[in-house]
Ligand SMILES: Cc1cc2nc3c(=O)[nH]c(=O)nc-3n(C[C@H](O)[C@H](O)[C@H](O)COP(=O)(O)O)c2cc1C
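Take a look at this single chain in structure tokens; it is the form predicted alone.
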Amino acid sequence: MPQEVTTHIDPELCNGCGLCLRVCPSQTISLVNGKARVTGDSSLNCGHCAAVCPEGAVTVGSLDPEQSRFDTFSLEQIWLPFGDYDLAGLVRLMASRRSCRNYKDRPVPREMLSDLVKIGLSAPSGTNSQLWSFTVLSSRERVMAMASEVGRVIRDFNRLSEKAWLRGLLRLVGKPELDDYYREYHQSVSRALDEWDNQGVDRLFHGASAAILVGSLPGASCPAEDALLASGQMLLAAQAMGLGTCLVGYAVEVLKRQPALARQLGARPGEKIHAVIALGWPNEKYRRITGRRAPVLRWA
């Protein structure tokens, strides 16, 4: 995906080592008379050239340095070499993150939410498009408003699935989704809706005091993958911050089927939501890591 070249090289600082040429995926830079020079007409704007330059001669104008500055912690700007990290500690963090469904009645500071979004930006994206969108519901009231809208759509769909003749007809024409939903989810969804109506129990966001919707803008080459990779970074960072998280799949499905709901939250035309992360201060405490089921594994 060609992008505008925003790379600048200071010839006074450049020592002609050629490292920037070696790491550039777009052949944007060439050596001319012993100095690196921008000669290409397209760039991924990935920043590899700036990151590798030993003299600090390269800048990429499209990259915002503010996105690497955080409010709740300080980040050392020196690159961490391959293998230079506590692998066991990283895996422990990953394995310790669990979906949280019990939260304290305590707001998440805006600064933490902002830092989580910036951390999401550290994820890779297809062709380095970086066409993410983040919609932050920063209060329990905003989360509940969205839960009400999502619940209304789920309620209508749940009632629709009760029509046996419709389920049978759709299955006959090769569309078994409604029948599958009825068999697998109707009963549990009905119970959750009843608890919402009669007890005020939130089975969708589980009492979370904030939520972040991760989406993609038009033009991304791998929109869903980009959004989910960013979400994964944010889930781990939230764990390190002391926050609990839970992915809300029902909300994602509703937003896909009812794009008007996303537009009410400010979504642009063509923007799609791929992940909804509920988050807040956890009211849970675990004792140990439990592992996972064995996967299907092939060696080829």
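Bear in mind that the values here come from a model prediction, so they are computed numbers and not experimental data. When you see a residue number, it is the position in the sequence shown, counting from 1.
Only in words, not in the display: the form predicted together with the named molecule, which the text now covers.
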### Message
Please pick out the stretch from 60-68, 265-273, 38-46, 249-257 that is in contact with the named molecule in the predicted bound form, where contact means heavy atoms within 4.5 Å.
### Response
249-257
### Query
Hey, in the predicted bound form, is R288 touching the named molecule, heavy atoms inside 4.5 Å?
no
### Query
Do H206 and the named molecule share at least one heavy atom pair within 4.5 Å in the predicted bound form?
yes
### Query
Does the 4.5 Å heavy atom contact test between S99 and the named molecule in the predicted bound form come out positive?
yes
### Task
Between 270-300 and the named molecule in the predicted bound form, list the residues on our side with a heavy atom within 4.5 Å.
R292
